[in-house]
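Below sits a lone chain in C-alpha cells, taken as the form predicted alone.
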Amino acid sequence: MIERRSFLAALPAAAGIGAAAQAERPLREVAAQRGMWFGAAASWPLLRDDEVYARHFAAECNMLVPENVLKMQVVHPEPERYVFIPWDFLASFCQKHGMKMRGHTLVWHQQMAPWFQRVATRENARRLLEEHIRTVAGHYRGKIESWDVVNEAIDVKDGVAGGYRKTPWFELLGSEYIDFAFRAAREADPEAGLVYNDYGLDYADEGSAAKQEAVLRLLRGMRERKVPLDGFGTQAHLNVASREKFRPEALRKFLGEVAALGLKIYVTELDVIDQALPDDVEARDHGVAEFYEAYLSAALDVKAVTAVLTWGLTDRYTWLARRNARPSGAPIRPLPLDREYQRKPAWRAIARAMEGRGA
C-alpha cells in the first residue's frame, strides 16, 4: 500500500491535482483496505514515455494488466522469435511501485501472429500451442499474479454444441484446446492463478443468459475434469445504452454460481460507453458513474470478487476513442480519470462501491 506521503510526492504539480482530490485516498488504498486489488490496463510505450500518466497509474493502481504486449501478434511475431522487451519494462514498473501484474492473454482468436495460419496444421497445432504457452508464461515464472489463459472461447451465436466459438484453435484441435492450454500454463508457472476470461455476461437479457449458461457449463466441465482452473474473469465492457437491461440480482446470481465452483472472480476490463448520453459533461459523467456504481455494488456483493480492473485509467488513452466516438465529435468519457488526469464522478463511484463492500 502506498503511504500517504509517498502518494502526494508522486504527483507532479503539472498534473493539476487540487486540494480536494488530494484529500481522497487513491483507489489502490481503498481496494487494499477491503482485501482487494484495483488496477487497469496499461499501454506500452505510453507508460514509458508519458511521465504524468505513469505517476498517476502508480498512484491509483496496485495491479496492472498489459493492454497488448502479451498478445501473440506482439510477443511471438515469428515461429522462433519472441519479443519480451515491452513486458520486461512493465514488469519492472510493477516491481518498482509495489503492484501485482496480470498476464493477458495466452490464447485468443484475435491478434494472433500472422505466421500461424501459414504454419499451423492439425498435426502440429497442439505442439505450437504448448510451446507458445511454456515460453511466454515461463518467461516470468513465479512473478505473475494471474494469467488470462484462454480469452473469449464462448460464442453461442456460432451454433457449435456447447456454445464454443469457432476459433482457429477450435478448428484444429476441437474444444480440447482449452484444457491443453490450462495444463500447459500450470506447468509453465505453477504459482500463477489461471483464469478463463470472457465478455457479454452483464445483462438480464436472452443473449447474456445464454452465454452465462454456456460459460458456466465450460467452467463446471473444467472443474470436473480437474483442469487447473483457479479463476474467472468477466470483462464488463458496459454501455449506458443497455442500462435498462442490467439487473443487479441477475449479476449476483451468475457470479454466485461461479463462486460456488471455488473460483476467484476478477472484473477484468471494466469501462462504460457514453454514446447514448448527451454531450453535456455533467450529465454524461453522472450517467457513466451511476452505471459503474450499480454494476460494482452488485458484483462486490459476491465475496469471491478479488480485483477490479478498468480497461485503461484515463480518457486520454482509451481504446473506445477509436470504436465508440460520439457523433458530435465530443471526447468520450468512459474511464475514472479525465484527459487531464482529474478524478471524475466515475472514480468516486468506484471508490464508493469498494468502500461499501462489507460495510
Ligand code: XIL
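Note that the structure is predicted; figures quoted are calculated from it, not measured. Don't overthink the numbering: it's just position in the shown sequence, from 1.
Only in words, not in the display: the form predicted in complex with the named molecule, which the text now covers.
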Exactly one listed stretch (125 to 133, 212 to 220, 100 to 108, 84 to 92) reaches within 4.5 angstroms of the named molecule in the predicted bound form by non-hydrogen atoms, and it is 100 to 108
Sort through Lys71, Arg165, Arg186, Arg252 and report the residue having a heavy atom within 4.5 Å of the named molecule in the predicted bound form. Lys71
Heavy atom within 4.5 Å of the named molecule in the predicted bound form - residue from Glu257, Asp179, Asp230, Glu152: Glu152
In the predicted bound form, does Asp274 come within 4.5 Å of the named molecule, counting heavy atoms only? no
Would you classify Tyr53 as touching the named molecule in the predicted bound form, given a 4.5 Å non-hydrogen atom cut-off? no
Tell me, yes or no, whether His237 is in contact with the named molecule in the predicted bound form, where a contact means a heavy atom of each within 4.5 Å. yes
Given that the named molecule is not shown alongside this chain, does Glu67 nevertheless sit within 4.5 Å of it in the predicted bound form, heavy atom to heavy atom? yes
Three residues, Glu269, Trp311 and Trp319; all within 4.5 Å of the named molecule in the predicted bound form via heavy atoms? yes
